[in-house]
Structures are given as C-alpha cells and as structure tokens.
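In structure tokens, one chain follows: the form predicted on its own.
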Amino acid sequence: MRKCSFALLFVALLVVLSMGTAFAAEDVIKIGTLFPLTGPCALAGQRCQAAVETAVEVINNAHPEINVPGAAAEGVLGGKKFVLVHADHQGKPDVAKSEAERLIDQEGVYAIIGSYNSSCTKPASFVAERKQKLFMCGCSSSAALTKRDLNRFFRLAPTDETESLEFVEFIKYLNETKSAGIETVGLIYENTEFGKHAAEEGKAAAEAAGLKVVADVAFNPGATNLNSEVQTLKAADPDAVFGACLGGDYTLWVRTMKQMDWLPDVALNYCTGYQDPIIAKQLEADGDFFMGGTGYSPEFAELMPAVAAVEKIYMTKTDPSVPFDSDCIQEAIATLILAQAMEMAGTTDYDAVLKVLHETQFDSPMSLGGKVVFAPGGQNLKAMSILTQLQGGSYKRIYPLDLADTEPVVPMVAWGSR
C-alpha cells in the first residue's frame, strides 16, 4: 500500500509539473534572430541583434515613458512574452539556410527576424515561407527580395531601387542648381545578392536619367585589398560613384582611394558601411564628404523624437558610445510591428496575423516615415531615407530640400586639402 501511495504521489507530481510547463510554454512566444555575429559584418550583426533585444524589452515590460504602440503593456495578448533564440549565419548564405531550418524545426520559433546581408536573407526567408512561418526583415535592401511573391516575408527598410532613384534625382538637382556637371557614373559593389542588385538598380536609374555608366566594378566581400578595383575606377574617372560595400570593405575602399589620391566629385552609398557610426569614427576626416541614404542617425533626433527613450535601452545592450544606426533600428522596428500585428489580431494564429500584416497601416514612431504599410510581396511602402553627407564626422541632411539642414559640399574635398 505504501509503495502504491508513493507511486501515485510521484505520478501526480509529474502531472503537476507537466501542467506548469505547459502553462509556462503558453505564455512564451519564441522568436528567432538570424544575423552575422561572426565574420566581416559581425559588428553590424551584433548591433542588429542588440536592437531586437531592445525591442523585446520594450514589448515584454511596461514602459509608459516610451511613445511606441504597446510599450505601456507587459507582453502581448494579455501577458505573453517574447523569448529570443539567436543564430549566427556568419555572412554565408548556406549557413543562413541551415540555421533558419534549425530555428524552425528544432527551436520551434514562431518567426525569424533578420538577416542584414541580403544574400543570407534570401535563402533563410525561403525556408520560412516553405515552412509557413513569418520572416520579418529589417534592413536587407535588395529590391529583389520583395519581388518574389512571398506571402510571409515583410521588409521595413527602403530598397536599393528607391535609393538609386534618389541618387539620380539628387544628381539632377546638383546639375541644375549647383552647375555640378555630373555626366558619368561608376559602380563599385560586392559580388553578392545585395551588391549585384544594387548595381543593377543604380545602372538602370543612371541610364534612365541620361547619365553614362563608365565603370562597373565588382569585388569579393572580405577582400584583403581593393587596389585593382579602385585603379579601374580611377582610370574611368567617373563624375559620380555609386557604392555598395558593407562593413570593413567600405573602410578598405575609402582608404584605397586615399592611397591612390583619387576621388570622384560625388560618392553616393547604399545601406552600407557609410551608415555605420563606428566606421565613420574610425575613418575620421577620411570619411568626410561621402554621401548616402540614411534611415536614422542621432542628427535626426528632432524628426524622430520617439527614438530617444528606446535608444537609451539599446545603448545598455551594446557599446554605450554607439547609438542606433540606420540598419539596426529597422530590426527593432520589425520586432515592434510583429508585436503590434499579434495584438491587433488578438491571437498568434498565423492566418489572422498575416491578414493584419497585409491589410493594416501601422503607427511607427521610430520610422522616418511614421507609418508602416506592406505591399504584396512584403515591401514597406512608407519606407524612406534622407540623403546625408558626412561633414566633420556628423551625418548632415542634404536632400530632399524640405528635410535638409546643410548645403552639400560638391565636389568632394581632395585628399591633400583636408
């Protein structure tokens, strides 16, 4: 009898413990993050991960001081908490694919947020689509990503297509109002999904605007030198260069141009190393007078007042001297929009959440455009950026004119005159 009683108590204990585990599981929504935590873009990937962690802290805890939808509540759907599962794709598309599969099949994540590199976002998001999960993409900019007719892919940032159009519009403005005389364009880009599509969009926009493309230069990311590539640009001597170089490749490109004592009149960069405040600090005066599309920098504070309180949390999760940058803030926004969609749907049911994502205009105080609306294919129609120019190490707003605070310096100041 005593043995039977002990056995019954043991079974009852197991039942209670399993019920507790089940209830705990019901209160958790697992979200996967997929970024380059090692490799040539590791610093950018680590900041993107920290941005997602920041958004999750805002979602999971009551922050009435933060002017972001849902920040005042604890969790979503009556208290469910986001729990992050991190993965490192190392900047390698094959690893991104296998890690996306692991996050979904083994970790059981509800959605994936990532992946910085467009070349890694492409296969990883195909995995999510095939397995009927959500993929929230913050900053990967290849326009091709939202032209695949995927139903579960959503991208927050502007694309290389929209930035290319901004570049040539800005050049037209310079020619008409500053007598800049820009007639030729050179392209330099990494030989990846991101770089190749940026170059295609840049070439198409330039030619449509009557500009002649005189140099088309690809390089392998993580290159140890770019001497031959920069020499090719220098030989063609374009008036303007469109650059698609990430991380350390951007630094190497700038320093190689200095070494060869050459600059175009205008250098315009996509969502690249140009936007990275750490790289700008490392380059010091060498980084000045380069330009590019920028979705956020601290110099935009008066345009995006809701960011400041969230940025304080972010700076506790990474280098406290480094604020949000144009890329990582988009990953935070992607996470916040996912939480909003769940709240509006009133459930985590995929069909209901998808319907909200496809049909809703979201308030997004941390976005430059202030709103988020997804087109078929997943592109945020309200995504926007401002053309900036580094002057004295600060990102100065130069175009469009209604948002500008500084006159552009054109042509770029020669290396020997800085």
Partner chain sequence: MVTFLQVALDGILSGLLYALIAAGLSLIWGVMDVINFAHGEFLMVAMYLSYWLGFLWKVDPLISWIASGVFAFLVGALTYKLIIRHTIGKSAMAALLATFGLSMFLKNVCLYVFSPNFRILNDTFLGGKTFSVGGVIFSLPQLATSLFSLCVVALVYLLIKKTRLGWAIQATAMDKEAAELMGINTEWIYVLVFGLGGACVGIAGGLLPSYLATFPDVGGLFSLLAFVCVAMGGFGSIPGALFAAILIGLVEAFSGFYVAPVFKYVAVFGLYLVVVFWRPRGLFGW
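Note that the structure is a prediction, hence the values are computed from the model and not measured. Positions refer to the first chain, counted from 1.
The next section is about a form of this same protein that is not shown, the form predicted together with its partner chain.
Student: State the residue from Thr232, Ser98, Thr184, Thr162 whose non-hydrogen atoms include one within 4.5 Å of its partner chain in the model of the complex.
Tutor: Of the listed residues, the single hit is Thr232.
Student: Which one, Asn175, Asn151, Thr251, Thr348, lies within 4.5 Å of its partner chain in the model of the complex by heavy atoms?
Tutor: Checking each option against its partner chain in the model of the complex, the one that comes within 4.5 Å is Thr251.
Student: Only one of 165-173, 103-111, 69-77, 214-222 has heavy atoms within 4.5 Å of its partner chain in the model of the complex; I'd like to know which.
Tutor: Careful reading of the contacts points to 214-222.
Student: According to a 4.5 angstroms non-hydrogen atom cut-off, is Glu284 in contact with its partner chain in the model of the complex?
Tutor: Contact check for Glu284: yes, within 4.5 Å of its partner chain in the model of the complex.
Student: Quick check on Leu37: any heavy atom within 4.5 Å of its partner chain in the model of the complex?
Tutor: Although its partner chain is absent here, Leu37 would touch it in the model of the complex, with heavy atoms inside 4.5 Å.
Student: Is there a non-hydrogen atom of Gly138 within 4.5 angstroms of a non-hydrogen atom of its partner chain in the model of the complex?
Tutor: No, Gly138 stays farther than 4.5 Å from its partner chain in the model of the complex.
Student: Is Ala308 close enough to its partner chain in the model of the complex to count, meaning some heavy atom within 4.5 Å?
Tutor: Result no; Ala308 lies far from its partner chain in the model of the complex.
Student: Scan 357-374 and write down, in order along the chain, each residue with a heavy atom lying within 4.5 Å of its partner chain in the model of the complex.
Tutor: The stretch does not touch the partner at all.
Student: Since the Cα separation of Lys317 and Ser321 moves by 3 Å or more in the model of the complex, tell me which way: closer or farther than here.
Tutor: Relative to this form, closer in the model of the complex.
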